[in-house]
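Below, in structure tokens: the form predicted on its own, a single chain.
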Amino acid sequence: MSNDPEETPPDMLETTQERVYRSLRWRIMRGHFKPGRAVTIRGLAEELSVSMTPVREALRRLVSEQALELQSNRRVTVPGMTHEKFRDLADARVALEVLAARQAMRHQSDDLADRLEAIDNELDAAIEAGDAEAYIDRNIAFHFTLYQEAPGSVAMPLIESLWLQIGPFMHLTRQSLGVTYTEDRHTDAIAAIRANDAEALARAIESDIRDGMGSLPREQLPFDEP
């Protein structure tokens, strides 16, 4: 079959576009793209072994989600950061994720705490092994498993957008992994779920967000001037 997207059946083209979009979105969220990095359609197409059309569409969608930024010269870059924006992202995460956690508490299945505990054990193993990639993956899985417990939550797309915006800074956890987290807030969250204590869960989630974003080595954060 031809690699020309114009000759690709519509259903196949849609599948490729969605796959490329999800792949790039996931990479941004996991810190594969550093702040300020320029991304090119050709380079990503070669990396993903696809034509440029699905990459172009994926970048367009990611720009609309504020995960990427379109410059005046038409170049696409990973956005920079200011101190004010960083604080705003932390505050927005707290507001939305505490709300989502409370909603999840009202809809929790019997095995939610067990599932979260299994993920947290994998996260601890990643820290012990110094595996930043697995740590980031399991941390995302913990939070999203909890928040997605509430069916049809309107907060989830907003939460994902915030994680996309903070994602490029997650590569810095490679320097701080295992030394900045002195308290396991996930354990506190799991205990709160088992006790059906919504207030304790809200406190655990807020503390986890504040601790996590506050633990990034600020001297290495590539802040722009406000």
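Residue numbers run from 1 along the displayed sequence. Every value quoted in this text rests on a predicted model; they were computed, and no experiment measured them.
The same protein has a further form, the form predicted together with a further copy of the same chain, not shown here; the description that follows concerns it.
Asker: Heavy atoms within 4.5 Å of a further copy of the same chain in the model of the complex: does Thr187 have any?
Answerer: No, Thr187 sits far enough from a further copy of the same chain in the model of the complex that none of its heavy atoms falls within 4.5 Å.
Asker: Given that the partner is absent here, does Lys34 sit within 4.5 Å of a further copy of the same chain in the model of the complex, heavy atoms only?
Answerer: Residue-level check for Lys34: no, no contact with a further copy of the same chain.
Asker: Are any of the heavy atoms in Ser207 no more than 4.5 Å from a heavy atom of a further copy of the same chain in the model of the complex?
Answerer: No, Ser207 stays farther than 4.5 Å from a further copy of the same chain in the model of the complex.
Asker: Contact between Glu84 and a further copy of the same chain in the model of the complex at 4.5 Å, heavy atoms?
Answerer: Within the cut-off, so yes.
Asker: Consider the chain as shown here, without its partner, and state which of Ala192, Leu162, Met29, Leu44 has a heavy atom within 4.5 Å of a further copy of the same chain in the model of the complex.
Answerer: Partner contact (heavy atom, 4.5 Å) among the options: Leu162.
Asker: Consider the chain as shown here, without its partner, and state which of Ala125, Ala141, Ala118, Ala92 has a heavy atom within 4.5 Å of a further copy of the same chain in the model of the complex.
Answerer: Spelling it out, the residue with a heavy atom inside the cut-off is Ala92.
Asker: In the model of the complex, does each of Val20, Arg25 and Asp137 have a heavy atom within 4.5 Å of a further copy of the same chain?
Answerer: Not a single residue of the candidate spot has a heavy atom within 4.5 Å of a further copy of the same chain in the model of the complex.
Asker: Taking a further copy of the same chain as it sits in the model of the complex, which residues of 40-69 have a non-hydrogen atom within 4.5 Å of it? Please list them.
Answerer: Heavy-atom contacts within 4.5 Å come from Thr53, Arg56, Glu57, Arg60, Arg61, Ser64, Glu65, Gln66.
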